[in-house]
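Alright, here's a single protein chain in two forms, structure 1 and structure 2, each given by itself as structure tokens.
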Structure 1
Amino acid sequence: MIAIKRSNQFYNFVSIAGVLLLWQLVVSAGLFGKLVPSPVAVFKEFIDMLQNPIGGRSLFMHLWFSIKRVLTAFITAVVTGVPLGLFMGWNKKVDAIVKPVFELLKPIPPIAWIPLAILWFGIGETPKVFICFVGSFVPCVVNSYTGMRYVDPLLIDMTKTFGATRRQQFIDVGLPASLTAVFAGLQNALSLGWMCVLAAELVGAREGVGYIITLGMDTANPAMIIVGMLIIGAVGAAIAVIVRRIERIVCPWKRGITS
């Protein structure tokens, strides 16, 4: 087992090192001119970005701006979307009333809301948060809804037999049973929110990670873009890990399935 693991690590190392080496060689040979920076140049740019402000703000401030936007939108979406989805799944009437309008708006990608958001809210923080909200809201609703719809009817019938009120059925059976689906939704919501903030910042912003890569484009500095992309990827991956951790704490019964 350990031998297998070690050989895997070996392959991983060979693969990453191989790509970096190839990348460096190709760039040094001057095949792409200035368009593709070498890995060494990218690393230097990263160090430089850590030390010097980018467009008037430090790298961490930019990161904080983006994260703040996503979190504001995400929390709003969870607070509104999850209960809405749960009630839609629980109550047929709520479902019948909300669903048609929701289904009408759902297929519109959140990014397509950007122009309207700018028209409505100007170019400050609000349109960006709004876009992220639209992106996070849909998976929150959809997954809570599906989770609630797929609650084992046997469980509900059982509690009914034992005389549980409608309210108790909802809180003690429906809610915990749909929690794993809700969490899958939260995960999607956060990663979609992260993607939307990027899109919103690309279209127009003076701060945030999206601004960093736009600045890289405007100043024809591909190294800066690549550093920005890697940071965006790292944050995205970190978000996924954190949500998974929280999920394990909140719904421990799922541990056996995921691992």
Structure 2
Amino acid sequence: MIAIKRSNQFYNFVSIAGVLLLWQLVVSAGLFGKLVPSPVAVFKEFIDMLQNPIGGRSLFMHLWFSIKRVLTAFITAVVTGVPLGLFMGWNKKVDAIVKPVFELLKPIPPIAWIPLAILWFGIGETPKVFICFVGSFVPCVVNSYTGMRYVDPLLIDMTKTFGATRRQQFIDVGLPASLTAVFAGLQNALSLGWMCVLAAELVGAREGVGYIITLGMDTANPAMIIVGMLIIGAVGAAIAVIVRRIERIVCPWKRGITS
């Protein structure tokens, strides 16, 4: 097992090193002129951003604003979307009532809600969190619903033979059996939340990683733009790792698969 992990770490290193090398070769060949900075230039820009404030705030403060918005929206989406999806998948009446409305709203991209969010909530924190919530809410509901709908009917029938109540069937069978799909939805919800916070911060924000990217565009500084993009990717990946760790604790039967 240790040998496999070391092998995977080696391949991860080779993958990243290969991308950086290819990036440097493309820049050195001048294929995109000055539009694409080299990895060294991006690293120097990152160091400069660490040492000097951006728009009156440090890089960590901008990062904290984005993380706070995403996590606030994500937690709200989990608390509301996961139970809704589970109950839709478990109860046919709830499904019949909620599903038509949800199916109508689900295809609408979160970015399309930005004009309404600004009209409803102004240009403060609330519209930014709302846009992230819309993006995170949908996968929470969809995956929870799918997980509950695909619970093995034989398991339910077996609990009935032992006299389990409907509530016991839901808690002891339906909920554990759907957890894998629920956590897959949480992964997607986090990814979409980070994509949405970028879009939300591009409109009227004075702080956050999206603001850094906008500032890089306004000042014609592609290195700053790429630093902002890489920060979003790195933080999103780190949060996804945390979610996977929690999944391995909550769903111990998956450890042999995910390890």
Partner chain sequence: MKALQNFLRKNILSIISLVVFLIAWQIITVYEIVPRRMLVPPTEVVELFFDKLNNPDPDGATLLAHFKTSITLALSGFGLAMIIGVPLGLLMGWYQRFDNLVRPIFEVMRPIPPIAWIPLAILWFGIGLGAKSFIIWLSAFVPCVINSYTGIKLTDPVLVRVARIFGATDREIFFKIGIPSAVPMVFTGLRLSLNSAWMTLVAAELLAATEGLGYMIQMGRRLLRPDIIVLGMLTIGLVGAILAGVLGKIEQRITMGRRM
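Note that the rigid core is defined as the largest set of C-alphas that superpose within 1.5 Å between two forms. Quick note, the numbers are simply positions in structure 1, starting from 1. Predicted model, so just to flag it, every value in this text is computed and none were measured.
Chemist: Looking at both, which one would you say is the form predicted on its own?
Modeler: It is structure 2; that copy is the form predicted on its own.
Chemist: Taking 2 Å as the cut-off, check whether the CA of Met217 shifts that much or more between structure 1 and structure 2 after a rigid core fit.
Modeler: No, its C-alpha moves less than 2 Å.
Chemist: If I align on the rigid core, how far apart are the two C-alpha positions of Val40 between structure 1 and structure 2? Answer in Å.
Modeler: For Val40, the alpha-carbon shift amounts to 2.5 Å.
Chemist: Give the rigid core superposed Cα shift of Ala17 between structure 1 and structure 2, in Å, rounded to one decimal.
Modeler: Value for Ala17 between structure 1 and structure 2: 5.7 Å of C-alpha shift.
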